[in-house]
Structures are given as structure tokens and as C-alpha cells.
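Next comes just one chain, in C-alpha cells: the form predicted alone.
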């Protein structure tokens, strides 16, 4: 088991981060190249002012008309995304690994808070899954891949909770946590999870079109 831990925490971790970084660069290059070929005027009216205005307004909970039409979904979605990135960046165990590998460090959040946020992330994934079943308009466009992605996202947090509370074999749970996180990292550029890369550019594009061309708000 110790050899598997060394493999997962060493070579597989480097492979996962390398695939994430290189795959993300490739996907961004691919999309921008395609956009430049098919939409010659695409970059001519991109406005930093209106792009940032749109991004900021869509980053405020319940600030847009669409968010207010779906208040519960909006609240859960914001809790999910905040928990996801705060745990990823500020969990003490993650920062310690970065410090040991690269000599970089920054403030962390208390483990108790991270534990609560991990439960919220898992709960949000369950909410999203149930919603895809019970809401007809969502169920109509749902297939097995949507549930697979939710499971893929939830797995690192669920196994992290099990490892933190030492429910089950702690070493096994830690290995499963790291392995599931690495699979998640590798999948980001090549699944619908890539929206986390494209979201700022998409929102900036829409904000620029609405603000500079149509002269209206997009929220």
C-alpha cells in the first residue's frame, strides 16, 4: 500500500498536473484559433470595460435576473463553486504539498471550516444530481455523462472527508482521494468541466457584445 501511495503522490501527481496545464493551453489555443478563423470580427469589439463589468455582475449572488428566477439553484451553485476553489487553494494539506514541492506557501483556512465546505460541495453535487432527475426541462437534456461528471467532481471531496475523519482505512482513503483528484485534473481540459477555463472569456465576449454593440446590460 505504501508503494501505491508513493506512486500516486509522486509520478501520477506530476502527470496529472502536466496534462491539466498542457491540455488547458491546447484547448484555449484551439478555441481561439477556431474563433479567429470563423468570426473575423470577433476580436474587433472585445471591450475590457464591458467584459469586466459583466464578469463582476455575474459573480455576485442573485444579482442577475436569471439568478433571481432560480434562487435556490443559484445559492447552491455559488456554495459549490466557492467551496470547490477555496478548498483546492487554501486547504492546509494542499498548501503543505505545494510548499514541499515548490517552496511556495500562503495562508490556509482552518481544517474544521474546510471539512464543512467539503460536506457542502458533496451536498451540492447530490442536489445537482437530483435536480437532473426531477426537473423535466433538465432531465430532457441529461444523460449518463452528466451523472458521471458529478461523481467525478464529488469523489475527491467525499474521499477527503473519509480520510480526514479516518472513516475506513486512512491510508486507503488518502490514496483514493489523491487518485480521484488526479483523474479530475486530467479530465478538466477534455470534458464539459473545461467551462471553468472558458467561462471568463465567454462572459467577457457576451458582456462586450451587449455593452458595446447593443448598449444594454447583460444581467
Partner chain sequence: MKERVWIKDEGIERGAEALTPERIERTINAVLGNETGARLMAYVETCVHCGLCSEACHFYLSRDKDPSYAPVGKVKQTIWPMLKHKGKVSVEFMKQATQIAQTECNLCRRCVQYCPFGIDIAYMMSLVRRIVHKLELTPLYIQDTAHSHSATLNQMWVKDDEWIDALHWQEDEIREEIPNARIPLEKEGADIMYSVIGPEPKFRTQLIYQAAVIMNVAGLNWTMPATPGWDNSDMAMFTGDSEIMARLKRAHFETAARLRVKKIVMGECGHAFRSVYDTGNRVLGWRMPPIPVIHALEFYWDLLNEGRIKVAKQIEEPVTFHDPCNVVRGRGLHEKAREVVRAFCKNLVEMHPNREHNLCCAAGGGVINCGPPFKNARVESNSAKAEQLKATGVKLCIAPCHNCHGGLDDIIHKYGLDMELKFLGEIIYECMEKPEA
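Residue numbers count along the first chain shown, from 1. All of these numbers come straight from a predicted model, not from anything done at the bench.
Same protein, other form: the form predicted in complex with its partner chain, not shown, and the subject of what follows.
Exactly one listed residue, out of 172, 31, 183, 52, brings a non-hydrogen atom to within 4.5 Å of its partner chain in the predicted bound form: 31. Of the residues 19, 25, 206, 12, just one reaches its partner chain in the predicted bound form with a heavy atom at 4.5 Å or closer; this is 206.
Note that among 141 to 149, 83 to 91, 97 to 105, 117 to 125, the stretch whose heavy atoms approach its partner chain to within 4.5 Å in the predicted bound form is 141 to 149. Under a 4.5 angstroms non-hydrogen atom cutoff, its partner chain in the predicted bound form lacks residue 5 among its neighbouring residues.
Though the partner is left out of this view, residue 56 does not reach within 4.5 Å of its partner chain in the predicted bound form, counting heavy atoms only. Interface residue remark: residue 1 is not counted as part of the site for its partner chain in the predicted bound form, having no heavy atom within 4.5 Å. Its partner chain in the predicted bound form comes within 4.5 Å of no heavy atom belonging to residue 165. Looking at 49 to 88, the residues that come within 4.5 Å of its partner chain in the predicted bound form, counting any heavy atom, are 58, 65, 66, 69, 70, 73.
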